[in-house]
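In structure tokens, the next block holds one chain alone, the form predicted on its own.
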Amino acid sequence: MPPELKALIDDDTAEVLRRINGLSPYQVPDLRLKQDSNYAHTPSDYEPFGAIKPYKEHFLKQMEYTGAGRAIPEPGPELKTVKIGFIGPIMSTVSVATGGKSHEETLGIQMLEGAKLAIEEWNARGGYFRRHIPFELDTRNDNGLWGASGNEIINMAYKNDDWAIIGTIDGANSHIAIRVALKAEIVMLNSGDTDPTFIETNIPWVMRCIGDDRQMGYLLMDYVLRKMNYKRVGIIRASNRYGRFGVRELNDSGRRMQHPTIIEMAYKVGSEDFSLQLERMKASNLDAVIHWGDAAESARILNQMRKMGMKQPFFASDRSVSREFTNVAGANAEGVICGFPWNPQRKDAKLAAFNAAFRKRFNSDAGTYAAHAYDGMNMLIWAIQVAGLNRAKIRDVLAYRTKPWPGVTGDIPLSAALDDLGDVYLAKYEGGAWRYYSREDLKIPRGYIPARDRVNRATGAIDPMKPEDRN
């Protein structure tokens, strides 16, 4: 074993490799499935059914892969590169799925740049260590047409012989893509879709390395309801899957806290006039307004609110944490608070090195989609390096990894459902810049989580809750 490869394998990974190597097509490895006692760290008063214990709770036990894929041998010496697929919105299109002209290209290009940087760095270190051949990025555009993303997965899995895939951003297309990945039996790691239902398909080949709207929504609602005590909350959102599913946990949390959403208004993606929605929201006598959609619409909504004399605090999803939002919103951006999946201002040597490398390579600052794609690609390449060229084994070393992945976006612990359970934050625009705050920084009260559910994400041990943490 090359020394550079040996350095990537800790004792727990070595044990997983021992259990999955050398199996016949009819053998299933003896691997301990992850078992969570609480889904997505949901406070008990945000859980459905109130105090009634449901007959069955989903997403707590890891899905097992029992197929024959682990017995497939590696390809022969004719292999010249190790291909990894990328699918994301990188070219402008028009489709029914996006409601007209596509709108996520800037995010997809960021994601592509982060993935490219990771591959280039591994190739500079020697590429695929077992054969000393380079990694190659197989890049595909997610054009927003329903079904087209599935066709691209087929091309990557069967025609181009990719070993794993990273992508995409649009929730509807992601759902189609991962169902094809299930049939093709290839790992698909998502770094840009924050739709909570993405991981709830319980497909054993699907993983995510970014905090989702469920977790960011819980933190945002804890701030709005528990800390600020706003009782009359209104929601305005995009009329696409991102907006519809993004606010689902906000609505559920408010209702279960006895403060249901007063009004929810939707608008067509790309709209510039929101007077109809805002007039109705203004008449509802709201304490706060929450927006879920893209940055440009978010800024226009905020500007029109202020022009109409609506002075309510403005909250938004993570997509508003961008230069596009602040450029359009101008002075109105001051005080806006958004959920955010990580803290890009934390002091960390890996993050500083990534930012410097990204700026040198692309002559721009790295955004959140670039950082998460960089982490995701590093996770995939690590798995390929230690498992070898076998898709099922690549999946195994990621799915049964016991320690959080040390990413530039922070530690990434995978839940039993293979979702990222790392800390999420609130981003606040103040003094002309975004600042990032943890729950502890803002002293945001937390809903009660029973002792059996308080599991430390890093160690797996029960996490004692201090009395002051309780609501």
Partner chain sequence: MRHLRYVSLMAALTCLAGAAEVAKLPYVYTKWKHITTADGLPNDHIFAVKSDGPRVWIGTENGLAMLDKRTGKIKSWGEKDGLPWRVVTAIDVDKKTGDVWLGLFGGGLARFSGGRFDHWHQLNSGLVNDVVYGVAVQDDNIWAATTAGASRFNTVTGEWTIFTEKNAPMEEIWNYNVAVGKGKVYIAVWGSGMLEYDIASNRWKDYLDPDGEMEIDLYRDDGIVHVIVTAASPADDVVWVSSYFGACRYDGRHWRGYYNQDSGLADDFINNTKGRSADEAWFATDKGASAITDFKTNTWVTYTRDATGKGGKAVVMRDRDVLETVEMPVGIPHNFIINYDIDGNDVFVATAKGLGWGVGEGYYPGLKQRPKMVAKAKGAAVTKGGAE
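Predicted model, so just to flag it, every value in this text is computed and none were measured. Numbering follows the first chain given and starts at 1.
Although it is not shown, the form predicted in complex with the partner chain is what the next lines describe.
- This chain is displayed without the partner chain, yet in the predicted bound form the stretch 156 to 164 from 126 to 134, 85 to 93, 156 to 164, 307 to 315 comes within 4.5 Å of it by heavy atoms.
- None of 266, 353, 182, 228 but one reaches within 4.5 angstroms of the partner chain in the predicted bound form through a heavy atom, and that residue is 182.
- Though the partner chain is absent from this view, in the predicted bound form it lies within 4.5 Å of a heavy atom of just one residue from 81, 201, 139, 251, which is 201.
- Taken together, 340, 387 and 404 are entirely out of contact with the partner chain in the predicted bound form: none brings a heavy atom within 4.5 Å.
- Interface membership of residue 300, defined by any non-hydrogen atom within 4.5 Å of the partner chain in the predicted bound form, is ruled out.
- A residue is said to contact a partner when one of its heavy atoms sits within 4.5 Å of a partner heavy atom; residue 63 meets this definition for the partner chain in the predicted bound form.
- Within 4.5 Å of some heavy atom of the partner chain in the predicted bound form lies at least one heavy atom of residue 27.
- The partner chain in the predicted bound form is approached by residue 57, whose closest heavy atom lies within 4.5 angstroms of it.
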